[in-house]
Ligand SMILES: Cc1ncc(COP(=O)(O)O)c(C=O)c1O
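In the form predicted on its own, a lone chain appears below as structure tokens.
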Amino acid sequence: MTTDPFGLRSLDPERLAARPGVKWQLHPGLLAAWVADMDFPVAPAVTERLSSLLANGALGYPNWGTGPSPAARLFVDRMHSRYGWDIDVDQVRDLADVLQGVRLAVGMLTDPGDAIALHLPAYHPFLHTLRDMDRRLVAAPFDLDEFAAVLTREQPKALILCHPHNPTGHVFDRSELSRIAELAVEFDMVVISDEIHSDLVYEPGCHIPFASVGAHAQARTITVTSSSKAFNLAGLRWAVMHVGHEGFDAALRDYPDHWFGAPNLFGVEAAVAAWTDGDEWQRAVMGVLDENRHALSDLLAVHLPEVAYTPPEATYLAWLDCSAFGSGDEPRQLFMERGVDVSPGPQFGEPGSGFVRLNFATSPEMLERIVIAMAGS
């Protein structure tokens, strides 16, 4: 008998539909399988810590002292214990979210018109960032020999590395990361590594921080991450950045404290609770997600056999190839007409034509309901 101590497998559809966040309220009445929010209840450790703050009226200025927040300091310990990556706390900074760190690095280390490499399909806010900041997008092939040829031709100033990758769920292994680091040195390229999905890698895979593959990698890398994806805390607006790049570190230090904002009290305390006492909850979540990523294969085979899908190595996002489905370049519209909201593939760049991204971070029962609805059954 499967146990369910955190209520992850027994979600109430009516309660989900009534949730006030954007996932379920952008298109009310549709089954929400789009934005990267999980449907699961919050980890008890987080609920208890935030409830304690409210009960004690502790919503004033926090007494954290100088330097990074307690969550950012805990990040240093976590990188050592989980990944064997030893970093200096003085190179760590709090952020509002991962995109803030990406945009700061792009803005300070490159100039308008510069080329920046990015693996496509890509998390669409990265595409928007490059467009809005007048940087030239260079499509980075996953094949590293092809990538080297692209670097020779295009000479990008930076690579935005989404690791693990969104939307494909690819986990870059050590050999890939080492080769990317070699190319970064050879072409004098800064690497901005978004590692927000690092805690969502399925066994037997493992996450390797890009900057940990060697001093030559760390010296030209800005790593940005957060507890928000693995613990569903995006609305609390806290992330963390490790700055291995000396030039960027010096540029940031030229600004006064809190010039780029101060960390949110609830975001910091939630991250501390998650990373201190949330491991049991997170293991349970990974168990359901692992089950769902494989169950999705079976559900699609029965109800939507034209849709091609490979279970991701990480994340709770399924990249579905619907090009044989006969629904054109944007199959999302058909699925919406059938009552399911998924993310449109073209949003992730030109290679997303004919694809949709489906969020399977829900109960097995809800996942089955979603796929059956997508099939028009």
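Position 1 is the first residue in the sequence shown; the rest follow in order. Not measured: the values here are computed from a predicted model.
Unshown form predicted together with the named molecule; subsequent notes refer to it.
For the named molecule in the predicted complex, the listed stretch (160-168, 285-293, 251-259, 80-88) containing residues with heavy atoms inside 4.5 Å is 160-168.
The closest heavy atom approach of D94 to the named molecule in the predicted complex falls outside 4.5 Å. Interface residue remark: R237 is counted as part of the site for the named molecule in the predicted complex, having a heavy atom within 4.5 Å.
Interface membership of R220, defined by any non-hydrogen atom within 4.5 Å of the named molecule in the predicted complex, is ruled out. In the predicted complex, the named molecule sits within 4.5 Å of a heavy atom of V98.
K229 is the sole member of H119, R135, H245, K229 with a non-hydrogen atom within 4.5 Å of the named molecule in the predicted complex. Just one of L320, A36, A314, A45 comes within 4.5 Å of the named molecule in the predicted complex, counting any heavy atom, and that one is A36. Of the residues in 188-214, those that come within 4.5 Å of the named molecule in the predicted complex through at least one heavy atom are, in sequence order, D194, I196, H197.
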